[in-house]
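One chain is shown next in structure tokens, namely the form predicted on its own.
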């Protein structure tokens, strides 16, 4: 069994698409109209056939309170692996991305937490050997 798709609830799919592609560097995998919304997924250009991230509208009544509770507590919704947290932090800050946690080293793991502009906190992390190249 493998993970095929995972979701982040977003308050605006167009804004999310701009952020996740224009700032984070993901690429569109699927963009299919589904009623008033879209089945809109992005993937890492380093793994275009890998796990898709669904930019899912937060239209369900539970989604907005769930997102707000996580943000209020400073809890990231999900984590993305990067090769160098400090370099990615500087690159993203240069693009205007707001971080709620600067790079922090905890043993052999380094993390930072950013605001995705769509109601979520996202952690970027690096741990040597975690991802096979």
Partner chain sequence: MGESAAEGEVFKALADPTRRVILDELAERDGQTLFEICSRLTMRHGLGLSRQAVSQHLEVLARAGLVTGRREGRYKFHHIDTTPLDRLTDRWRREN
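Residue numbers count along the first chain shown, from 1. Because the structure is predicted, anything quoted here is derived from the model rather than measured.
Although not depicted, the form predicted together with its partner chain is the subject of the following passage.
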Scan 37, 98, 91, 60 and let me know which has any heavy atom within 4.5 Å of its partner chain in the predicted complex.
-> 98
Work out which of 75, 51, 28, 87 lies within 4.5 Å of its partner chain in the predicted complex, going by heavy atoms.
-> 75
In the predicted complex, do 3, 5 and 8 all put a heavy atom within 4.5 Å of its partner chain?
-> no
Contact test in the predicted complex: residue 71 vs its partner chain, heavy atoms, 4.5 Å = yes
Is residue 104 close enough to its partner chain in the predicted complex to count, meaning some heavy atom within 4.5 Å?
-> yes
Contact test in the predicted complex: residue 12 vs its partner chain, heavy atoms, 4.5 Å = no
Do residue 17 and its partner chain share at least one heavy atom pair within 4.5 Å in the predicted complex?
-> no
Sequence-ordered residues of 112-129 touching its partner chain in the predicted complex, heavy atom within 4.5 Å = 113, 115, 119, 121, 123
